[in-house]
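A single chain, nothing else alongside it, follows as structure tokens in the form predicted on its own.
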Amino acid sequence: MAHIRKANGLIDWLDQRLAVHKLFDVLMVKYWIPKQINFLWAMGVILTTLFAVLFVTGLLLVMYYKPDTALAFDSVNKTIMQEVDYGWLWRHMHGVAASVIFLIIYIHMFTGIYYGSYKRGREMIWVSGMLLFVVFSAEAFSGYMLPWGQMSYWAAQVITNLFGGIPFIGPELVIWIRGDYAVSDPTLTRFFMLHVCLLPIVIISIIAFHFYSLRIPHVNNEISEELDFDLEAEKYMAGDTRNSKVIPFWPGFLSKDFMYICLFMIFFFYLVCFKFEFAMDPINFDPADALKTPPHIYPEWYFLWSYEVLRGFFFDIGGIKAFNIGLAAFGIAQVIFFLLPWLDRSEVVKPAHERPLFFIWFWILLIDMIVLTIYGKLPPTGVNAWVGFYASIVFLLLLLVILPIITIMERKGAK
């Protein structure tokens, strides 16, 4: 048992019982970050901040929300928006944060791809990050249903129908997810439970694992240099801070992150106060009506690229129905980024601008996903349908065929 003496303050009292100084050292003071990084490395902290905003505003909103199909729409659009003090502010903050968090996730993800931060021992960092992306997507979709407007209802109708395409268990699975034969009150109750209870717990667990997975291979840097973190840390602690290539997470790295968070929050509150409508589809301000289908159903902007892959295959091929081809392509699109560390067959770990073929591949992939996003919101008719078809083909080829080929060529060229 530890020797307990009279404490000289609260921190000392806690330290004798919980070893808070050692914990602070492990998590902050002796957690080493490369010096050679730029503002793109602040996205992780900004994501954590946005999740905290979502969590706090979500708690405030759930005090007044009614998870009942007869009451949900009015509880959001009348009670929260018109009767509760600052209810509009909490809803705007929640809606904008839910949308902007995906912008930051995509920046974070493409930064990782550009600098090869998924390779050479960092595979679990990448996989846990992609797992976060998938669970955040489920959290966003379940939250999109809660206002119970027209787009909420019909998006639930479309997405739950997709599970019907799974062989053997599809129809039963759809009923189980909905809790009924049609999207109705049990469906809303289930998605409410997922949104406010189960998925936040899963997200917090994966965030903790994501941070833990950074501890062993450490954070990458913008020149992808492989550092001896123990040696560089010794230099730093010996006082040679100029020649050491690392800084401690606290206060060195985190103080810079605070600056980026402050700058980002200016942008965030500008959106909350003046441009919040981009995060709230006007069609969703009409109550859900099972007898009135909107002329054009589409998801939020951050799902549009994968939605376009789903509907990009609009004609049967070789006797296989278009729906099944689109569903298979959609399934591949959801998991393909998990496999990136193994699809990239090169051992070279450098930024994309030092890998000529990979550099071209990176920008074509980015442009293609932007095209898919733009056309995902347009009606799938005429030339729009063909653009979506070819962009979907290009997306699959880039990841399944072209990336392995160019990285094998790169590996052979490096020998």
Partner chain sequence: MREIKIFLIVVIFAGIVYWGVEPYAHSVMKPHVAPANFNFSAEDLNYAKSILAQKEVALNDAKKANDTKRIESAQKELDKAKEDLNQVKTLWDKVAKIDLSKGNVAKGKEFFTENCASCHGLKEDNITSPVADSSAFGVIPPDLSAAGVIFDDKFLAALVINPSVALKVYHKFGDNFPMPPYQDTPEVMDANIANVVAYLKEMGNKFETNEDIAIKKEIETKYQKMANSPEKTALINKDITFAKDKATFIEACGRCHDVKYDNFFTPSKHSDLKTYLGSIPPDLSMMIRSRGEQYLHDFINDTQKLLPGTAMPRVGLTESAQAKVISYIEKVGDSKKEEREKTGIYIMIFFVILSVFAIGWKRSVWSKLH
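Positions refer to the first chain, counted from 1. Keep in mind that this is a model prediction, so the values were computed, not measured.
What follows is about the form predicted in complex with its partner chain, which we do not show.
- Every member of the trio W250, F274 and P379 reaches its partner chain in the predicted complex with some non-hydrogen atom inside 4.5 Å.
- Contact with its partner chain, judged by heavy atoms within 4.5 Å in the predicted complex, is confined among 328-336, 185-193, 163-171, 234-242 to 234-242.
- Scanning Y298, F313, Y118, W154 against its partner chain in the predicted complex with a 4.5 Å heavy atom cut-off leaves one residue, Y298.
- Taking a 4.5 Å heavy atom cutoff to its partner chain in the predicted complex, the contact residue among W88, Y181, W342, Y212 is W88.
- Contact check for H94: no non-hydrogen atom falls within 4.5 Å of its partner chain in the predicted complex.
- In the predicted complex, its partner chain sits beyond 4.5 Å of every heavy atom of F55.
- Taking non-hydrogen atoms only, K350 never approaches its partner chain to within 4.5 angstroms in the predicted complex.
- At a distance threshold of 4.5 angstroms between non-hydrogen atoms, E123 is out of contact with its partner chain in the predicted complex.
- Although its partner chain is not shown here, in the predicted complex the stretch 35-65 places heavy atoms of K35, N38, F39, L40 within 4.5 Å of it, in sequence order.
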